[in-house]
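Below you will find one chain, with nothing else, as C-alpha cells; this is the form predicted alone, and questions on how it binds or moves follow later.
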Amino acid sequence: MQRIGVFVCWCGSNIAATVDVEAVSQALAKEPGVVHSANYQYMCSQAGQDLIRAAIKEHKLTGIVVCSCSPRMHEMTFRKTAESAGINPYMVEIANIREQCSWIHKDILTGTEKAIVLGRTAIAKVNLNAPLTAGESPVTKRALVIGGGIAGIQTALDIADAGFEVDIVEKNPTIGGKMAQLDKTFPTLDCAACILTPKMVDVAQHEKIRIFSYSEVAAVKGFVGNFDVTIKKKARYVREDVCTGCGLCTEKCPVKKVPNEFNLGMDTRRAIYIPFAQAVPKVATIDADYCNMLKNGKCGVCSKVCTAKAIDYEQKDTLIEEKYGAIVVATGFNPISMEKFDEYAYSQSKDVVTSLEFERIMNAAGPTQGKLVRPSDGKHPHTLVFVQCVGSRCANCAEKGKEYCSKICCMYTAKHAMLTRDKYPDTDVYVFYIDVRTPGKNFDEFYRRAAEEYGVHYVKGMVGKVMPEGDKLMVRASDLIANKQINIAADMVILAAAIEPDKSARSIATMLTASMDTNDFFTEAHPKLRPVESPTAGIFLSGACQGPKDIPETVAQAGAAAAKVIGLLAKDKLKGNPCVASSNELMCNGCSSCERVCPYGAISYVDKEFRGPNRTVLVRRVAQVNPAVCQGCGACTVACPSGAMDLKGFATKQIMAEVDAICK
C-alpha cells in the first residue's frame, strides 16, 4: 500500500464557491493508503508547492493526489514538485474538480459529493501506480514547414536564422501564397509584393533553407524529434537546376487558352508558364492537362526554343525521404465557393466578383493591368456595392456558409473602398454590413478614414438579392438605421467571401495525427498558454491554418511557432513518455491486431521460444513494443483480443480500480 498525500485546491472561488473543500479534504483522509490530507487556496502557487514538498518529507509520502483544475493545465507543475521532493513524477494523479465538478454544478452539496468521488478514484489509481522512468531519444536538427505562404516563409526564415536547417514544402509551383495575389495591405496600404518579394528572395538564397515547390507531403511517420517524412515532388517537365526563368518558352507555346489560376480564371495563360513575375523559384512548369506534347506527342515548341535545354518530357514524379525533428503546419486558407449563394447572382453575371477577384483586378500585374473595369464589357464602373459577411457568421445557413467570423473582411473591404475612391473619385461606393469589426492596431482609424475622408457610404443592413437587368445589377437591400428598403443600380458587386482552411488541411492532419475542429482548422494544445502548438508533440501551427488571421497576426504567430521549434531543435535529446504500451508475451496470440492499428509503427513481431509441457520447446509469434517510438495512445490495448497489451500508468487494473471507487 502506498503512503498517499491528498491536496485539495480552492482555486480561489473557482472551486471553493461550489465545493466544500474542507469536507472533501476530511472525507479523502479516510481512504485506504492516505496518510495526509490538506487544502489550500492556491495549490499551484509557490506557497502551495512548498506545502506539498514539506508534507512529502514529513509524512514520507510515496504518492500524491492533487484535487484541482485540469491536468492539462498543471499536471507537469505538480509532477516537477513531486520530483524535486524525491517522489517519482508518475506517482502523481490529478483529480479535476474544477472543469468536471465546480464549473458544472451550482449546488454545493452536489459539487462536494462529486469532488469526493473524483478524489477517491485518483487515490485508487495511485495505490496501483508504479514508478516509471522516461527514456531518451535523439533529436533530428531539421524542421519541415508545410506551406509556402507568408506564414511558412516567416517561420522558415526565423528557424534558419537560428542556425537550423529548414525545408519548405509548397504544393504550387512557387512560394508566396495568397499574399502574392494581393495589391495593397491594410492598414498601411503598402504594396504587398514590395514587402513579400524580399522575403521570398531571402528564402531562396538562405543557405539553411531548401524549397520543395510543386510538391506535397505524402506520408509522415515517427514522433517528436524523429519524424520520417515522404515528400512527393511532382513532375514539372522542366529541370529546375537548368531553367533560367527567361520566359521564352512561355511566349512561344502555341496553347494559349489555359485558365490562369493565379488570376482566379479571369484571364488565360500558356500550357507552359511561370505563375507571376516574382515567382520563387522562377522556373517554368508544363501543365500536363493542356500540353500537346504530353497529351499526343505533337508539338515540342518549348523544347526547341529553350536554349538552356531545360525541357524534359520524360520527367516523372519522385519521392523524397527526409528526417525532421519538428513539423510546422502553415497550409493557409481559401475563400469559400460562391456557388451556393446565387441570391447575389455570382453565377449569373461576370460583374459580381469576390473580394480576391477584385484584388486581382486592382493589381497592376492582374488581368486588367490594374484598371478598374467591368469584367463583362471592359467599361469603367461608376457605382460599386460591397457586400460584407457573405458566408461568414452564417448561423442559419451552415450548410452553405460558416458560423464563424472570417476576421479580415471588414478591413480589406475598407481597403478596397479607399483605393477605389482614391484612384477613381467619380465612383460611388456602398458597403453593406452587419457590424464593422476592426480589432487590430490602427484598424479602427483605418475604417473611419474610409467613411469620413474618402466618402464611402457605409449602410448597416444586408443585401437580400442582386438581379442583373441589362448592363446593371439591381441591388435590393435593407437600411436598418433608416428603417427602409433601398434599391441601387450598381455596375459591379463585390462579395466579401468567408475564408476556410485549405482543402489539404484535413489529409495533412490525418498524417500528422493532429487535432482539428469542426471547421477543419487545426486545434492548438491550449488556446491561451500553448497557442502555436498542436496537442501532438512536435507539431506546430502557423498562420491561418489555425483560424482566420490578418497578415500582422500571421507573421507574429509564425515567429512564435519558430521560437517553439528552435527550443525543441536546440536539445540534443528528448525525454520520452514512459506511459507506453507493453505486451504480456504469455497472453499474446500473435494475431497482429495491435500492429495494424498502431499509428506510429511501434509494434513488431518476433518468434520466441517458450517451455511447454514435459519441457518441450514451443516457438510462438509474439508482439514487441519499441518504447522509443510508442506514444502511449492506447489504440493497441483496445484492439488486442487476448488482453495481452496494456499501457503503463493506465493499466486495465488501474482503470477498473477507478471504476470500482466510483461505484463504492
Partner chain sequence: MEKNLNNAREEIIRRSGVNPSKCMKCGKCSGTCPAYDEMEYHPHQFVYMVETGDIEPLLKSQSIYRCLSCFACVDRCPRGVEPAKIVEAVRLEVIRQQGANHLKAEGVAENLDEEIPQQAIVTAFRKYTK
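These numbers were taken from a predicted model, which means no experiment stands behind them. Positions refer to the first chain, counted from 1.
In what follows, reference is made to the form predicted together with its partner chain, a form of this protein that is not presented.
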If you check in the predicted bound form, is Leu264 within 4.5 Å of its partner chain, heavy atoms only? no
With a 4.5 Å heavy atom cut-off, would you call Val463 a contact of its partner chain in the predicted bound form? yes
Verify the contact flag for Arg506: yes if a non-hydrogen atom of it lies within 4.5 Å of a non-hydrogen atom of its partner chain in the predicted bound form, no if not. no
Exercise: Thr307 in contact with its partner chain in the predicted bound form, heavy atom 4.5 Å: no
Assert contact residue (its partner chain, in the predicted bound form, non-hydrogen atom within 4.5 Å, options Asn519, Gln485, Thr133, Thr188) equals Gln485
Quick one: of Asn127, Ser478, Thr523, Thr427, which gets a non-hydrogen atom within 4.5 angstroms of its partner chain in the predicted bound form? Ser478
Heavy atom contact within 4.5 Å of its partner chain in the predicted bound form, the stretch among 368-376, 119-127, 320-328, 470-478: 470-478
Since the partner is left out here, which residues of 336-370 would have a heavy atom within 4.5 Å of its partner chain in the predicted bound form? Glu343, Tyr344
